[in-house]
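Okay, here we've got a single chain as structure tokens, the form predicted alone, with questions on binding and movement later.
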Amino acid sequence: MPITAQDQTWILETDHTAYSFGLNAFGLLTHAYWGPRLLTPEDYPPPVMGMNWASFNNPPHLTPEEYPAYHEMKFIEPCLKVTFANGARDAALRFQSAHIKPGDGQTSLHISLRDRAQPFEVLLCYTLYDGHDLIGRTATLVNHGTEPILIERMWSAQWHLPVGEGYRFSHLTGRWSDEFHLRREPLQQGVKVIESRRLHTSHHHSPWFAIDRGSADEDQGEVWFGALAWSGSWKIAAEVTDFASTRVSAGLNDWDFAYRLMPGESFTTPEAYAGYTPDGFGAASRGLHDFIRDAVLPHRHTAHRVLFNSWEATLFDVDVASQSLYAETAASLGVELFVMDDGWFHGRDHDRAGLGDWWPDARKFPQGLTPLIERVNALGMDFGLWIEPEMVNPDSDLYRAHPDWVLHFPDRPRTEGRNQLILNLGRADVQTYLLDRLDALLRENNIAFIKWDMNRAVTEPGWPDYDGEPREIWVRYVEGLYRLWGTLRQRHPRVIWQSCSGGGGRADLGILRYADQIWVSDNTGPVARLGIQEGFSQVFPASVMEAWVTDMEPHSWFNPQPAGEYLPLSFRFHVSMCGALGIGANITHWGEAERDEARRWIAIYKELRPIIQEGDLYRLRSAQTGSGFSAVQYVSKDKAESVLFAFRTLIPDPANLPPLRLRGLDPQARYTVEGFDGARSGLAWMNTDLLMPLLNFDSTLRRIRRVSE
């Protein structure tokens, strides 16, 4: 069985990896092992006993506890910090019980820890998912007493690396329109923190990490990695001690956070996932991709349709006639889903008014959305719509009626971002209003796709009339978001939802329980997108990554190709075909030759879609290194087909592009590679240098097929 219990030690085994912990001689729940799966339970080491290093560093401080609380002489980053009614601010957690719970597609281990003096309990849950080398962890605090407990920090998990030095920390950084830059840096003594304090996941950091011994690459080397399933403010802290121990913790951000847990109540953290692989960063990514497709996404392996989105073509200038014209053109190209973006609802002619009033604008749509939707459906396409439910413009009927519904502090100005304020989704009345409006919109219209946007970060995170602890808002808001979105999904299960927050500001495994796709960045410049999409792929599969072909202004700062020239349409399509293909260009301005080319690429994408969206991704050459030459390869799960994309940006001539080597093929099978003569074994192709003669701002797509003997 995947979980073995013996002598107060628990061994959690996946197909290829193992994680173990148990009670040491001091009675502390202590980490023992995390790495490759061993042959027998007897092979695993016992729980660690902390040594004694003078009175300043005693054994409890040096013990790698599974879930350390602030208590006694422990000076590491704790997972739990609470204050009790009597003024005590520590927690003495001791093991009480353990039980294994089998489930459908997963098995979980539940550990109960109780305080020596205070009437509360911490329940640790470890979940193993069938077929995946990942462990999910949550922690639940239960108040069994008669007085409230103030939670000041409660993280989901702390993970311990094998004792040693020289570890390297990988994470993703960025900013709006410039997301998902991969950073690798050595871990030194101290604490390295990445976080969001913005109420959403943020463009600046992602709740994901990878740790290696300093020499791993895409194909080899031990990698320990993890991600947090939370769509609000979060924190990941990697700590190295002076005793060669390294640990990484993940959970809710404790900055400005507190939560009053009343008697009889419980509080559960978001789930934190982590895994191990000996096969490099590429294998770590593929493990996450499979898990997301198999166990997280609402519609699992549903193929995502080629879409057209109206935003970059029309901005707010939408009506039945103009959108019908775009729909006719999109349908002629082979588009499967037509999405009308911002500008369709009451009073929405610009970004200074209308948010909150979620019904069709009577001037633009005098008969509602039905005539346009019927036209789109008659053209053979599904219809989708943009919304931004969490926001309100001061110039709106909703705000005029309910100015108290927004996040704000008493007697302080209400800071606007993009001319809008944030509705307090922690409030039940706000949730009810939005649920009623959006439910009616979906019931009354044949809508197959919703793009859910959020275009600002938090300010004045207050809830003046809340009778609880006001700093609970950081959790109450996200719980309200999940409750609203989850109820809409439950009532309208066929709808595909997309998460957008000014691009990639809400990209995490928490939101993917409600949304099937993520809008990766508002930057649709194809050169910049190569690097953005590569960073995104560290965590997320191609099926989740919506990518548009556009005519973004070529001399803009985030699209550094020669001024006055658009990149070839083939280059733009190839970049976007690496994910879930969409079009955001003004297709009515394209000439017939461009439309013919677009038809061809869309048809090819539909053939390749199962390989790209469902296959294994191999990053052959990085777009983030600045070399100007990058490549990615997708391989079908049965290894029968593969597709290679290679891109050259700006490299001064004369230049010799380095060769590529394929990956992921069946070594024993024989394949043909488009553009190269003959059939060879997968082993041969993966050990053969392939040269791609590309000019500046050129790209190529090569199909790879297994041939029968």
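Numbers follow the displayed sequence, beginning with 1. Since we're looking at a predicted model, the values are computed, not measured.
Although it is not shown, the form predicted in complex with a small molecule is what the next lines describe.
The small molecule is not shown here, but in the model of the complex it comes within 4.5 Å of a heavy atom of residue 455. In the model of the complex, the small molecule lies farther than 4.5 Å from every heavy atom of residue 338. The small molecule in the model of the complex is not approached by residue 273, whose heavy atoms all lie more than 4.5 angstroms from it. Though the partner is left out of this view, residue 522 does reach within 4.5 Å of the small molecule in the model of the complex, counting heavy atoms only. Comment: 499 to 507 is the region of 322 to 330, 94 to 102, 499 to 507, 273 to 281 lying near the small molecule in the model of the complex, near meaning a non-hydrogen atom within 4.5 Å.
In summary, among the residues 572, 200, 529, 451, the only one with a non-hydrogen atom within 4.5 Å of the small molecule in the model of the complex is 451.
Put simply, of 212, 382, 342, 77 only one has a heavy atom within 4.5 Å of the small molecule in the model of the complex, and it is 342.
Using a 4.5 angstroms heavy atom cutoff to the small molecule in the model of the complex, none of 230, 405 and 483 count as contacting.
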